[in-house]
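Each of the two blocks below gives one form of the same protein chain as structure tokens; they are labelled structure 1 and structure 2.
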Structure 1
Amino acid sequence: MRQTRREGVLPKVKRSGWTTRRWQGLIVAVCCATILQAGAARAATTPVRVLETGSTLLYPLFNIWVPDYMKTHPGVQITTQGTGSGTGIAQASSGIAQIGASDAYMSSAQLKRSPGILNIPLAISSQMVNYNLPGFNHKHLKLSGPVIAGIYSGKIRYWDDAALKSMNPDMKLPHKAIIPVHRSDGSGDTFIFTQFLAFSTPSWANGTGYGTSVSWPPVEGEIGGVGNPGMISALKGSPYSLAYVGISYKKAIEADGLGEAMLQNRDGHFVLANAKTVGAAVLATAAKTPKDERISLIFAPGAESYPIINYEYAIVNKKQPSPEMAKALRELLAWSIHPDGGSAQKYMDAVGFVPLPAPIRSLSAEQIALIK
């Protein structure tokens, strides 16, 4: 009896070598596509890793910025290191770090060696001159640039020197040797401190000069410290010492019971670092900021101007290795200077900084846009 095809039943297909190879090829193609899709998905979720290193003065600000920023930008992983401005500049220039934080702008000679590097101000900071003078740490000793230069050059050796007594007639200063403390690492703090000495004291300008590292005149008992924390540690452990410390460490200075000097400004007035005096200095100098934003704000004119203020710089290469990194840096830096972002008063107040004035913020935004 002849068999008939039942409705709905497909005829058997004769298997052949060609059919087997076809199915094998199809399976391989599907597997490859799946692997590629999985790899793309992993790439899409892999965070962009940004290394910020450099200024110990800017380090506390980055440390409060970064956790808040990464909460709203999960695709970026930021690591911060307080290594000193000199290291920050070097590592950003070499490509080791994506952001080199610096209190100092790069010199023309440095830029010639590292073309394509941007110096982008993020905020405005100031620097204190502090001391450990037993019995007087609760008072604001008055000091001038020439007197401080005399101490760091070894020409003024004792706290009761006539130059100090004439500025502080109401204080019975002790006949104790002054111990100058300076940075032993490449430092933007040293850059702005020695600029203040050079701009206020011709003999210092013609001798030691200024820079992130200088050849300090030999003074008996002098101490070198690494970073702002090292300066505070040396100051705290050495009675009758004097040091320069970034304003972002003011709370640490106060907690350790150390003194803060009133500094004589260009107009001859003695002032402390605060929002009013730093703001006055900004108004007197910021308008002169060039397009590349490399400028000194030290020793500004004005009765209320604080004499040691500066831009805090992000040193960044405008040519990045990938579009993803370039985008991550543009967004992070744009956020850092925005009034609703990193320049919000809560961040500035936490470290004693002042936000960029609107015209300077625009200049920084123009530089940020160059990062590709």
Structure 2
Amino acid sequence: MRQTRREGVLPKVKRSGWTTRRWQGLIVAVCCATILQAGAARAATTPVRVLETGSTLLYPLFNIWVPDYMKTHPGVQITTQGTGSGTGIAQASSGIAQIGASDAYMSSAQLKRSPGILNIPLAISSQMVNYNLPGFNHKHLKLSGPVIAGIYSGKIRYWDDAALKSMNPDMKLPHKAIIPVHRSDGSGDTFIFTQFLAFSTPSWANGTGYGTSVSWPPVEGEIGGVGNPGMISALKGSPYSLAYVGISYKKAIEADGLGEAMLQNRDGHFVLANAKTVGAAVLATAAKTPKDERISLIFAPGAESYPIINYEYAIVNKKQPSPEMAKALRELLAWSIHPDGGSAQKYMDAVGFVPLPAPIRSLSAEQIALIK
């Protein structure tokens, strides 16, 4: 209890003593009252409560689905969370969430650890490769998988590289260093982008490979952005940069005056992402889709196929804790893939997705029926 400091004001001890207790009591009372009252007010009926968490690509779609769905289904409460595909899979497997949203299907090793988990495609997403190349943003630069892989591994450093020039003979590309932008948070966007590079470029497949986070080769000037908005602001803020962005952000890309590249597909044609090219790619792989629907749509064959597309999955446990929950999930998921329900054009257009074609829709419906 030794004291050395002596400055300060002499307080009026007695009066403050009273204030102390009054303050303490007041604070405690207010806190308790707030919390108890807030809670007690609504412990009434308990509707079925569904928690959806995961992919930030699927999150916007769920967010526009849910308010409309609940108007016709008052018995369920659905909460949506955008956390990331890995979190979605982990929490759907552990039962913390009922629906895990994921841009990628689960690996066989993961399924082995959590058997009984379904991977149900709900819609099809695609990805743009965008750039900020002053003077060329209103044109569509042509790019191929190997060229993009060369850029992201630092082998192609300048916009006027021979590989780029031969692909775009009608453009006078500047001698400026390319700034590759990638996602630094784990992301389904990175998964499908790197899968495109791996499937189109053997050296990328053997080197960096693919995943929701990969070990990006170090490139001078590169930027790691967070989330699609982070990617877009990195593009906007850095002339001569290149990035991959989810199709849902097409309007933002256009509003910011950034360029969208045409990509070379497996058959050698250059295509932009739209309903036609994405639909062509899905149909090209539809026949090969297995019953558990775990298949990559990346770099599909076909003259018109767009190369970077993927199923957006709902990761759901077959065995639900209660029949009410199982029923609620079946109804919600069935609605979401129905052309008059969640897959109606107005929802798809809002996020730039494409609905499942009929054969895939029935595969998904079969899986949905398994939820018990």
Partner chain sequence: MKFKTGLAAIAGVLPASLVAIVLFLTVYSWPAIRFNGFHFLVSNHWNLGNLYADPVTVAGTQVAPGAHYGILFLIVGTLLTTLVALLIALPVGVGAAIFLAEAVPGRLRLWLSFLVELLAAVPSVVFGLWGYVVVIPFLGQHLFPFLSRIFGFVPFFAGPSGSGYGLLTSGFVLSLMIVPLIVATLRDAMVSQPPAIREAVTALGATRFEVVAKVILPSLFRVLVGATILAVGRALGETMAVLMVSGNALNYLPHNIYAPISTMAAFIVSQLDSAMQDPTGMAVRSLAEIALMLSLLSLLINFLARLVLAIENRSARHATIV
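Not measured: the values here are computed from a predicted model. In this text, the rigid core denotes the largest set of C-alpha atoms whose superposition between the two forms falls within 1.5 Å. By convention here, residues take numbers in order along the sequence of structure 1, the first being 1.
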item: Form predicted on its own - which displayed structure it is; value: 1
item: Core superposition between structure 1 and structure 2, C-alpha change of H73 at least 2 Å; value: yes
item: Core-superposed comparison between structure 1 and structure 2, S94 Cα displacement 2 Å or beyond; value: yes
item: Flag for T194, CA shift 2 Å or larger between structure 1 and structure 2 after aligning core; value: no
item: Following rigid core superposition, Cα shift of K327 between structure 1 and structure 2 in Å; value: 4.2
item: Distance moved by the G82 C-alpha between structure 1 and structure 2 (core-aligned, Å); value: 3.5
